[in-house]
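Take a look at this single chain, the form predicted alone, given in structure tokens.
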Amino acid sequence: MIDTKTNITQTILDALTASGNKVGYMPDAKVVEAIRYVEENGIPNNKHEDYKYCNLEAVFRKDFKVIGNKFNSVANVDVHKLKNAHNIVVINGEYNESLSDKISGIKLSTLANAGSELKAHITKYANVNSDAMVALNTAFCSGGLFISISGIREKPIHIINVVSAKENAVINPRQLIILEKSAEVTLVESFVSENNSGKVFQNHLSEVVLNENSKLKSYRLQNEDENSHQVNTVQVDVSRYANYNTNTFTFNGALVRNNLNAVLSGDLCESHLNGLFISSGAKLIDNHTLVDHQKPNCESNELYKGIAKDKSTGIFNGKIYVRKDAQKTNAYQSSKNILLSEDATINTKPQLEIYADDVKCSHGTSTGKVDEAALFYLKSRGIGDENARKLLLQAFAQEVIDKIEIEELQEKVIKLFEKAL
């Protein structure tokens, strides 16, 4: 019986090594460094401050001591595609060219075929010594996806990440996305499941580079099944005059942990982070953000909203870090949450760490139940209790949903939101 941190960590490392879940594009020195970090620090548990409410070690211990890593073949993903977008398909961590659209004018390949750009950027932003899940991905990353964009792209790019496992599996997909100088693009990422007969742990890592004056509008839609566990780490580097705008919508999955780290490395740049989640059953949804202001005259905004029901747990941990040189920083953060049952839990922890003296920074958080006065008002106008509650919850979520500028995607999110309620 496995009963120590060292044993469960080594079991996972041995199982991933035996499964061959590794390709050759990662520098050997980085792989050695990453494995050493995991061995020394273990899979994160609630003794790690950043994972206080998200005990990944317990999940691995319970469900992933034996890893088969046998997958189903997926022949069609049309149901998940967006009609007015370029659709790129990644199945069980591997870029599937045959199911993906042909896109002219951008560089698109597996990471192994990214050439000199891979060497210039891989692991430069996601530090293997910053987090055990980053290290685990670095050591065992799969085929991966590389996208480099120049110019202004009118049509959105939609990456469909599909998992479909026959047996319990742990996969480590990786992405490198580069926006060249003055490039503009809208990126949608969907995370879905197909016919999972085993449990899946997806440890997904993206390194995103916004060069000078580039603009990225990003949407992340997470709707996997109840056999799916996901850690999704996004490490973004935002250069001078660049604008990073991202929106995360989480509606399903046994466990979803989002690590979203934006480094504002150039002056006069912006980041806007928004999120909406509904947790139900015994699910756990954890949004963990870090905005690192390194240069002056930058702006960041965060708005996260959550709804927790049944015996589920929702978490928001957001940190704004303002360095000494980052004068004239404007940074705002807000977390608003609603509990729909006595057994549901919301944990929020907004943080400011400021070393500059000429800044405007604020944060706020609120957690409560449905407004009884508003509920009474609607019911007094002849609206039934259930419909009145739905109206209030939809109004609560609409501020985030309205940030979706793709009509087809907004309609899809609204349907998933209503279904989750």
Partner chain sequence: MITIKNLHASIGDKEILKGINLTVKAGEVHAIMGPNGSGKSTLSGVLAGKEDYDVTEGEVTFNGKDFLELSPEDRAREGLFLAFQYPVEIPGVSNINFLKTALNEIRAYRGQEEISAKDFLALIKEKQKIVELDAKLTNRSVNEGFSGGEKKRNEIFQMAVLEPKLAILDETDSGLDIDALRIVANGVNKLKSKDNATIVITHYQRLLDYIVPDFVHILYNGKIVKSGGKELALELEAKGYDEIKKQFEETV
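Residue numbers count along the first chain shown, from 1. Only a predicted model underlies this, so the values are computations on that prediction, with no experimental measurement involved.
If you look for the form predicted in complex with its partner chain, you will not find it shown, but the lines that follow are about it.
Colleague: Given a 4.5 Å cut-off on heavy atoms, tell me which of 368-376, 349-357, 65-73, 37-45 is the interface stretch with its partner chain in the predicted bound form.
Modeller: It is 368-376 that comes within 4.5 Å of the partner.
Colleague: Taking its partner chain as it sits in the predicted bound form, is Gly364 near enough to touch it, meaning that at least one heavy atom pair lies within 4.5 angstroms?
Modeller: No, no contact at 4.5 Å.
Colleague: Is it the case that Ala58, even though its partner is missing from this view, gets within 4.5 Å of its partner chain in the predicted bound form, heavy atoms only?
Modeller: So Ala58 does not count as contacting its partner chain.
Colleague: Hey, in the predicted bound form, is Val32 touching its partner chain, heavy atoms inside 4.5 Å?
Modeller: Although its partner chain is absent here, Val32 would stay clear of it in the predicted bound form, with no heavy atoms inside 4.5 Å.
Colleague: Is there any non-hydrogen atom of Asp385 lying within 4.5 Å of its partner chain in the predicted bound form?
Modeller: Asp385: yes, in contact with its partner chain in the predicted bound form.
Colleague: Within 387-403, which residues come within 4.5 Å of its partner chain in the predicted bound form, counting heavy atoms only?
Modeller: Read in sequence order, the residues that approach its partner chain (within 4.5 Å, in the predicted bound form) are Asn387, Leu391, Leu392, Ala395.
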